[in-house]
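Below you'll find only one chain, the form predicted on its own, shown as structure tokens.
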């Protein structure tokens, strides 16, 4: 008799330094499996430490590989989760995810010694973007365990913790089944699969797919340049724009928003601030990747001025709006890569696949929409991006939703 999917069981073991995206991927896998009626549980060593260990275990010295007492305690937590995972698969569970650093070969040998009843797949996460790692660390140190010190002190402690892990880091190389991936760009760098793994195709597809459970894509509200029909620049919101931003805050008050991603421009930040004020534990993150299109020598000009005083630019851009780049600036086509990186950064920082909010600009939001809508290049510069509505986007392996909704 052939095995059904319900008979196939698997251990997934996350590997990587802190702030490399391991938990983000673990939650993503759990979410997609549960939606497909595949019982899945995540076992996180950090949660056990925070629950059972002495309070000072947030200090970097707890992770010093020469601290024998701490090494033994961390091993006990690892064994506790290994046994819990094994018991889960022995009963109703189908996939158990061990979410910890697991960077040493000795720790992985311990896992393999105790988990011989079902296949083990390792997923090693690497992210070399220093800015994003720093943002991730700053989010982690906002947790209660770091409350006794300043944020800068907490960041220093956390970075020292990472250096201790780096001392014992042994990348995957001899394990039977593993995937090495760039967790920021959802790109598989290398893989080795020696066993016939259940769910492997589904796992691999999930790892390389941008998963968005709920993205609210908002254009900044009315700015001074909007009423003057000027492009670029860094204007403030108008009184009407500030009222619109306050209305957005009230509209989203009952939705949990952990992060609001904006550009570095005042008009997006000013739109975000009233929304953050009505949220609990919400952070505004400015990403240069979401800055509006750089109009070069046409910055701060009105469209009428460009047509009258720079007719060659007006005609050339009208003829090929997507590929045309302003002299000394950029165009839609040249923005594509930085917008893509901005999207990746936003998804990476949103650890649990909850609501994400991006407050951008008209051209920026057109490029973000095209990332999900797959519009023809010629049509991208004409995607409708109003200031009195927002786009709600869901993009998973099982569901695609694009809604244009009012907030007033």
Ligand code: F6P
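Numbering follows the first chain given and starts at 1. Note that the structure is a prediction, hence the values are computed from the model and not measured.
This protein has a second form, the form predicted together with 6-O-phosphono-beta-D-fructofuranose, left out of what is shown; the following refers to that one.
- Distance criterion of 4.5 Å from any heavy atom to 6-O-phosphono-beta-D-fructofuranose in the model of the complex singles out 292 from the list 124, 292, 222, 99.
- This chain is drawn without 6-O-phosphono-beta-D-fructofuranose; in the model of the complex, the residue among 211, 218, 231, 184 with a heavy atom within 4.5 Å of it is 231.
- Although the partner is absent here, residue 258 lies well away from 6-O-phosphono-beta-D-fructofuranose in the model of the complex, with no heavy atom inside 4.5 Å.
- For the chain shown alone, residue 307 is not a contact residue for 6-O-phosphono-beta-D-fructofuranose in the model of the complex, no non-hydrogen atom being within 4.5 angstroms.
- Mapping the unseen interface onto this chain, residue 283 falls outside it, with no heavy atom inside 4.5 Å of 6-O-phosphono-beta-D-fructofuranose in the model of the complex.
- In the model of the complex, 6-O-phosphono-beta-D-fructofuranose sits within 4.5 Å of a heavy atom belonging to residue 381.
- Residues placing heavy atoms within 4.5 Å of 6-O-phosphono-beta-D-fructofuranose in the model of the complex fall in a single listed stretch, namely 231-239, out of 143-151, 164-172, 199-207, 231-239.
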